[in-house]
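Just the one chain here, the form predicted alone, laid out as structure tokens.
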């Protein structure tokens, strides 16, 4: 599933549409991505509106249009945004097509685990404002992280890092990268981390998010070989720091990779 940096990169794919009028809307009204919305209203309010801004938060994207229109997109596992030439004929998986002069903005999702959200009004909708503060924001403090870990003291730290109410945008590979850099074993109960380890976890969460946005978020390039990211799925993969063999097991319902030499259970 796309994480913080992948979502930021995908959001920028629609940048050519900013400042342009939406001439027409095509959509698959019965597609699962429209669950909880009214597709006919999406078509009605977006037609004739002009895209004015976009932003990403956690694993979601927001596109604002004139007339107080708010369009939210969640990519799920297979969602993708693209820009196609005018006259483009939508494929089966192209569930939302916004036609503009000379181009079309496409939201595709062949497995339909993604989601389209929609609202009209002067204020941002609740589904956007209730997203947890970003890990790069001033609200993501060491104290806030420590409190959150104490409340989930018995849960494996890997599972806790995937909880979007405190670590928005962090997914499977980011969680493994953070724990590897902090030197914390993914099976450690969240409440067992020392103040020094909590500080390292907080610091590395922000570092990984920042540098992922500067690489994946900008050009969709992989981070450098010094990251666990480049080695975690390789059979026989080795730790970039210690050179020891990496281990992969399921923890918290997700395939997890770590380096036994750096991340040890007490």
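Since the model is a prediction, treat every value here as computed from it, not as a measurement. Residue numbers count along the first chain shown, from 1.
Unshown form predicted in complex with the DNA; subsequent notes refer to it.
Looking at 131 to 139, 104 to 112, 81 to 89, 178 to 186, the stretch with residues near the DNA in the model of the complex, meaning non-hydrogen atoms within 4.5 angstroms, turns out to be 104 to 112. For the chain shown alone, residue 155 is a contact residue for the DNA in the model of the complex, at least one non-hydrogen atom being within 4.5 angstroms. When the DNA is considered in the model of the complex, residue 164 lines it closely, a heavy atom lying within 4.5 Å.
For residue 20, no non-hydrogen atom is located within 4.5 Å of the DNA in the model of the complex, even though that partner is not displayed. Not displayed here, the DNA is kept clear of residue 118 by more than 4.5 Å at the level of heavy atoms in the model of the complex. Residue-level contacts in the model of the complex: of 206, 59, 231, 64, one residue has a heavy atom within 4.5 Å of the DNA, and it is 59.
Of all the residues from 163 to 190, those having a non-hydrogen atom no more than 4.5 Å from the DNA in the model of the complex are 164, 171, 172, 173.
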